[in-house]
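Heads up, the chain below is alone and in the form predicted on its own; it's given as structure tokens.
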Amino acid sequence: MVGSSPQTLVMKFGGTSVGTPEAITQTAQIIQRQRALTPRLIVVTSALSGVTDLLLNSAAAAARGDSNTYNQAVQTLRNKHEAALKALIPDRARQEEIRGAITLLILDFANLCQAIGVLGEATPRALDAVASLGERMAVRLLAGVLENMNVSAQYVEATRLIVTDDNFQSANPDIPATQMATRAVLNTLLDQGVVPVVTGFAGATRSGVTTTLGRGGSDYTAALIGATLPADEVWIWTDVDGVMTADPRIVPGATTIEELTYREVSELAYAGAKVLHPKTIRPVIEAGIGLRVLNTFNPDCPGTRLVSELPVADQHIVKSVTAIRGQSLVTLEGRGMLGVPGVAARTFAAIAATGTSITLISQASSEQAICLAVPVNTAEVLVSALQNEFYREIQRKDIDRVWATGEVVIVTVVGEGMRSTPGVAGKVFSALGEKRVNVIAIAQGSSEVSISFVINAEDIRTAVQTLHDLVIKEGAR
């Protein structure tokens, strides 16, 4: 366990931390031990592993008129939660109480799917109501397990705490209203020595309609509670030993990074690392609260501490290397583009109209080509959209062609120390050149905290391992 003992602490546990009865036991033991050290402790939990996907896939199937999928899901939900109940809560009366509460939520799920099936449409509002059910089941179960271990706990629906707008599926919190609600509800419980177990991911409008916070929602819930309560620290418990120097599936020798700045972790998250979503950490940054990423299954590991700034002497030049697979590079090129205003604006507008997110942008200073990295399964649609947008220019030969590569990979090296160290890009590309890895396109933001480049998919292991060796070498300086 982490040595420090904050007076007020928010701990968030991800789906794998409550994925099996054994994992829930481990999570409950972590909470029990920390409760002895921290007088004011708040727990935020995700749904049991796999439950949210099951709920949303069932709702989508119901919209297509498929009732079998959600009927099977009802049984799966019952079995999954029943197995945890029987394994973790021997007290029959408490077991029956929790079982009844979860059964009612499963019935709500079945009724929602039935209504979606009748309408033939799953609206964003309906999907939020469905998606939030997984966390609502999980808090009842986890609070019951803690009570069984003699930890005074009470589940709390985040719809009572997180006040949002009505932008369903990716709602935006109203911070002043959230602060008022969070303090009113949680401080009452904390003053009584109770551990609130809060649903992650969800919130509600001022009128009480359930919303969800989008990607990274449960982490975001923890950050919002930590910032508005306020807490001394927020700890995110997951299934890895913090933020790694590389994906250990590619680089077996990858190690945990002890400290990262918020800028670095934001770049890593955007660049494909399995870390906090950038919006998650914004409330924590603004509130000046400590943040740490820890491993539920290795609680003695100190994990990664996230800070606003690091002393220059402590800044490794390169800290981590990440890779985003499954990309394609779409290129718009032509000599007639040179000096013509509006080409980039029209390019991005055409892509936005398809609903596609651009992962990386690279443009030559000559303005004769714009390269865009996008998910490989969207490349054909984007090429067609750009050909339609620039039909006249293609006919006049102002634009020579619009084309897409096969699958490529975006590799990114990240490190705060890159900003003050000359020659980092030279070292990166020299190392790749020595291994005969061809770089197709390059992009670097003005923050200079990261360099991203595109390579052929078959070179991913060579590139990441080579650059990881550079991480270790530069970190040892």
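Don't overthink the numbering: it's just position in the shown sequence, from 1. Computed from a prediction, not measured in an experiment: that's the story for all the values here. Take the two forms, superpose them, and find the largest set of C-alpha atoms that agree within 1.5 Å; that set is the rigid core.
As for the form predicted together with a small molecule, it is not shown, yet the points below apply to it.
K.L.:
To test your reading of this chain, name the stretch in 375 to 383, 239 to 247, 161 to 169, 223 to 231 whose heavy atoms come within 4.5 Å of the small molecule in the predicted complex.
P.N.:
Correct option: 239 to 247.
K.L.:
Does every residue of 10, 283 and 292 put a non-hydrogen atom within 4.5 angstroms of the small molecule in the predicted complex?
P.N.:
Spot residues vs the small molecule: no contact at all.
K.L.:
Quick one: of 25, 465, 456, 16, which gets a non-hydrogen atom within 4.5 angstroms of the small molecule in the predicted complex?
P.N.:
Of the candidates 25, 465, 456, 16, 16 is the one lying within 4.5 Å of the small molecule in the predicted complex.
K.L.:
Of the options 137, 197, 275, 330, which one has a non-hydrogen atom that comes within 4.5 Å of the small molecule in the predicted complex?
P.N.:
The option sitting close enough to the partner is 275.
K.L.:
Going by a heavy atom distance of 4.5 Å, is residue 211 a contact of the small molecule in the predicted complex?
P.N.:
Flag for residue 211 set to no.
K.L.:
Compare the position of the CA of residue 254 between this form and the one not shown after a rigid core fit and state whether the shift reaches 2 Å.
P.N.:
Yes: residue 254 shifts by at least 2 Å between this form and the one not shown.
K.L.:
Compare the position of the CA of residue 34 between this form and the one not shown after a rigid core fit and state whether the shift reaches 2 Å.
P.N.:
False for residue 34: its C-alpha shift is below 2 Å.
K.L.:
Verify the C-alpha shift of residue 412 between this form and the one not shown: is it 2 Å or more after superposing the core?
P.N.:
Residue 412 C-alpha, core-superposed: shift of 2 Å or more.
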